[in-house]
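Coming up is one lone chain in structure tokens, specifically the form predicted on its own.
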Amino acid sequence: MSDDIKKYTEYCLNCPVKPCSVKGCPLNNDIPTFIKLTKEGNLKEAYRILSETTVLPAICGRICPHEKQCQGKCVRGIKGEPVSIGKIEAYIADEALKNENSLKEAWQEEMERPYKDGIEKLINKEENEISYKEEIENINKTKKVSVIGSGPSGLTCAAFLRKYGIEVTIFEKYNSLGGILRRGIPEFRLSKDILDKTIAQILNLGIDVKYGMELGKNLSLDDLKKEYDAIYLAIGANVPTGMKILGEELNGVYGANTLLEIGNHPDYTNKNVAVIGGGNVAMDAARTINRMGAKSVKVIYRRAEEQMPAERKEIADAKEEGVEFLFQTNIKKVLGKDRVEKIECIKMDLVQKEGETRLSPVEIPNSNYEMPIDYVIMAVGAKTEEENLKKENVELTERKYVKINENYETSIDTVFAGGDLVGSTATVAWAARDGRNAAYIIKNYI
């Protein structure tokens, strides 16, 4: 154990009320317990405790907005610095990843339980209730579930379903798993090696995968329902939304989500780039483009810095790397003949509107100005693949997310959904929580 990790674990007060876990962590990881076990050097048990609630600790430990979640509720943070929970979680997970079967071993007893429970039930039955042969057939008749999509929600759901003794097949439209983790989060934030090892741990539970399968194209819910007892939709919401401004259709205007997902970037060398938005996607796009040789990268955000939804660390890192920020500024037009040549911006004031707690941005009259720009990257939100979902007759909400009830059930019988697809809070931990909770509900349903 490094001196830093030792120092972090000793700094924890091991609060009995566990605000970091109960109020801060979307997954309700038992944070004080795994920190205490780490301090004692019992990493295997610390990982087992973590695996009761998550299968993505090496990922969440690195990219979760800890300051807004677990560390934001840390008692130590009231008068000083919070415990470095993310770094401790990542350390435990990294040690576990050295053994490709760590997750399987942590869950072995629970994965064997359905069969053992079935045998015990058989032993306790009266001889005339059912034949031995029929009962053995029932024990061995495993339920089957298909998971469409392999981002944090899909991977987590698939893993927990296997934990419950259910056969699982993941259907993925690309040739590798990971979803937004692989095609949305840059390498400098999440190593592909860590992601690959995490996915390998999950697949080693005995999960099948079928690649090149996309819902609404070569994959249909009707066909899947004939073979599987239930379906879990976890295809995310990664189609970029526009701003509906003049010039948005010009060459040189891109959606940040698509650029990060497909990686089909133009040549930014010695070019001026404007990234519109204030979330983590905007930070990821800006930092990625800045590293690809752009002359300048400007993040344009209509509110103040303290109102940015992006993580403080990501903002600080972007600034340190040379990304410029234009706060209380909004883009009005994209100007050019066939392609982007410049943009028109306007200054914004922040005012308190009646009935609203958050300050609202309002344009300052006659504060318009232009600046030369070669590429405009829109990072102002994302939506679902509405067309493909409609082909499958999946009911959507007014905001075009998949409509579900409190049990993650869609409008179609035996079809469940979760994660960004249903409009959940767009973080890895919240998506994973949907997958875990849906797995438990699906287990009881089938």
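Only a predicted model underlies this, so the values are computations on that prediction, with no experimental measurement involved. We number the residues from 1 along the sequence you see.
Same protein, other form: the form predicted together with a small molecule, not shown, and the subject of what follows.
Residue 213 is the only one of 195, 213, 326, 203 with a heavy atom lying within 4.5 Å of the small molecule in the predicted bound form. A single residue from the set 103, 297, 281, 159 has any heavy atom within 4.5 angstroms of the small molecule in the predicted bound form; that residue is 281. The partner is not drawn, yet in the predicted bound form one stretch among 263-271, 333-341, 145-153, 350-358 has residues with heavy atoms inside 4.5 Å of the small molecule: 145-153. Of the heavy atoms in residue 376, none are within 4.5 Å of the small molecule in the predicted bound form. Put simply, residue 25 is far from the small molecule in the predicted bound form: not one heavy atom of it is within 4.5 Å. Using a 4.5 angstroms limit between non-hydrogen atoms, residue 65 touches the small molecule in the predicted bound form. Proximity of residue 431 to the small molecule in the predicted bound form: non-hydrogen atoms within 4.5 Å are present.
For the marked spot (189, 385 and 426), a heavy atom within 4.5 Å of the small molecule in the predicted bound form is present in each of the three residues.
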